[in-house]
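Have a look below at one chain only, the form predicted on its own, in structure tokens format.
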């Protein structure tokens, strides 16, 4: 029987009610529980500390009282967090007692603030975990069984406390623990693209959290709540303003406002960073030039750094977008990116600050292929940057596409620290209207083998200096929180903030483990529901790829980066169009980046370049990224390229409909408010998926001259 595409999706939506997800049959007509769950608005994120019910019994013996040594603001935060969280989860008041130890005391301290921790003689173990790591260990003190969370610093102790609470939230056993943790990466930063007028570039969750008109005198409680959420994941810094920076963020009045925010964050271990506009010496300082080799310019940056550190003693440094998309930079004056970065680095060095210089540059006079330009510019400068300069590189060479091969700069810079920039805000992935868990995207990137130092040189290990030596390591995320009550617009977009934090702490964690944790902490600990939600999340990114840009297609959009516009051939520059990338014509489709084409594959180490170069070995998920293929090119499935492309789009629309039905089946398991709000977004996603499929296939069909196959 042959059916139309419309009938195909309608049938799939109808049948999805009986879909088996994660081994459990989903029944959309499941009965509501007798007692409705209390409504939630999502403000608490993954820190809800929901009552554990009967499961709390296994924790009572271990958690009978709390002792947090120390008198600092950070120790106070740990004390309040542990007491309120354990009391909420266990269904009763867990007392504080810093004087008398009883069986089941949870002790938190450092050698500096706790005689008990000093007497344990764990100095060698604490030396291993560094200034941000921690130990959680079941032990005995005075013959009483206790749980000790110890760290070399109070911030490490804070991270340890949140880790301990995470174990309880996710139902893990805590009777006998011996955990030693330290972050794999040193810089774990949020990159906000917030503007002084309250808007957020690529923000999909309301206006900016930073209330500039109220600062520095009035401080919103949301500032501390934000820092607390970051600290719960080990995120240790944030850049608060747009990379397309307003230079006047560095004006004295604004720096006082920034300092007020930094004061709120400091007890949580969240350091302040700013995006600096390269032309600030002119626009703020009134100089005639911003030439980095001009002594007056260097002196201005040094004086500005001194001023900033006078207000914010733990200021982290500058993030800079230079000579990219209209932003000023050193090339304006005939200087290199190294010249530009170094003048700022010299100003920050006495204060131990860093410069994060973005590699997102793509001047078309460098090479005709935008994907090649950053590699060409930065590899020739390797070794010319100051020690406190870090090159910040996006996961892929174009721009946060739904799928890209890893950026060839990873592993290519031998003498310059490189950190990864990923994007939690869903600029190209549904803009918080679509449910897309990005843990799987980032793991695909982090697990990519660059072969920079032979087989096994995966990106995650390169970032953590396990392959190449580096004195600075890190990963940053362009983030999505705004003033929306649920912070991120879509409740599931919170999972991307969470996943970033967990992967920045340990980039070798699995996306599945992270999704499981987040689901249990955010929605429910019901094992069957957790499996359904986790599996829904794990497949969501591939679903999005299927109905938008499968088989290596990319940038099939226009200026808003949301809707399908494969016909887009007009923009201020060619590489902002869609046709620049897909090059569809009657003879085929795709961008030839092979050794027969523009040689982009040669920016990768062998054997990666050889794998990508050959259609027989190139993963089909990257096929049209690296190869131009005829419409009748035979895929591994046996289908022609055209038929495979059609199948992917149809499959994506079907999968989006199945997501919707799966979520409907969870009614009653999730509180009604959040369930409805997610359901409303999923209705948009299903309609958008069908729109992407229909408009893309209709457009490419004009070139292929082939009909869209009907499903049966």
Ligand code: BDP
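Computed from a predicted model, the values in this text were never measured in an experiment. Positions refer to the first chain, counted from 1.
Only in words, not in the display: the form predicted together with beta-D-glucopyranuronic acid (BDP), which the text now covers.
Picking from 110 to 118, 227 to 235, 74 to 82, 424 to 432 the stretch near beta-D-glucopyranuronic acid (BDP) in the predicted bound form, with a 4.5 Å limit on heavy atoms, gives 424 to 432. Although the partner is absent here, residue 193 is a contact residue: one of its heavy atoms lies within 4.5 angstroms of beta-D-glucopyranuronic acid (BDP) in the predicted bound form. In the predicted bound form, beta-D-glucopyranuronic acid (BDP) sits beyond 4.5 Å of every heavy atom of residue 87.
beta-D-glucopyranuronic acid (BDP) is not shown here, and in the predicted bound form it never comes within 4.5 Å of any heavy atom of residue 348. Residue contact check for residue 399: one or more of its heavy atoms lie within 4.5 Å of beta-D-glucopyranuronic acid (BDP) in the predicted bound form. Distance criterion of 4.5 Å from any heavy atom to beta-D-glucopyranuronic acid (BDP) in the predicted bound form singles out 202 from the list 443, 202, 583, 207. Scanning 520, 358, 541, 534 against beta-D-glucopyranuronic acid (BDP) in the predicted bound form with a 4.5 Å heavy atom cut-off leaves one residue, 358.
For the partner-free chain shown, 321, 325 of 300 to 337 come within 4.5 angstroms of beta-D-glucopyranuronic acid (BDP) in the predicted bound form, judged by any non-hydrogen atom.
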